[in-house]
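This document opens with one chain alone, in structure tokens, the form predicted alone.
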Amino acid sequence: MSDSAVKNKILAVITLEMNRVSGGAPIFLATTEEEREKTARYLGRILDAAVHDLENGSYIIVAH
């Protein structure tokens, strides 16, 4: 897959409430806010992508 094909795509979702998310990206369920934040931060680094807080209990990891 070329770099241009990956741009502006949601690579992962990290959430506290599984019933509020669905879709094609991998979804990680966290049990605490600390775990949610830590998982988002690590995935952002690993995937070399941006972490966005949706302020609804979920973070998304996006390739820009």
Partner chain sequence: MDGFLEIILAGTLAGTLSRVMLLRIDYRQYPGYPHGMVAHLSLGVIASAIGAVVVPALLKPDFAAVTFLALAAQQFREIRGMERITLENLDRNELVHRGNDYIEGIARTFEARNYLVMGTAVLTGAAYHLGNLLAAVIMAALAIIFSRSFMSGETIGDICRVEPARLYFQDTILKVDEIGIMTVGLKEMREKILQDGLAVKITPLNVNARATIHDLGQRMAIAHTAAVILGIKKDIDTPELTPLARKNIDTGDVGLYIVPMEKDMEALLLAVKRTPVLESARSKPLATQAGRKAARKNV
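Numbering follows the first chain given and starts at 1. Keep in mind that what you see is a predicted model, and the values were worked out from it rather than measured.
The following text describes the form predicted together with the partner chain, which does not appear among the structures shown.
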> Applying a 4.5 Å heavy atom distance criterion, does Lys9 contact the partner chain in the predicted bound form?
Replying inline: no
> Quick one: is Val51 in contact with the partner chain in the predicted bound form, heavy atoms, 4.5 Å cut-off?
Replying inline: yes
> Would Ala40 sit within 4.5 Å of the partner chain in the predicted bound form, counting heavy atoms only?
Replying inline: yes
> Arg45 near the partner chain in the predicted bound form, any heavy atom under 4.5 Å?
Replying inline: yes
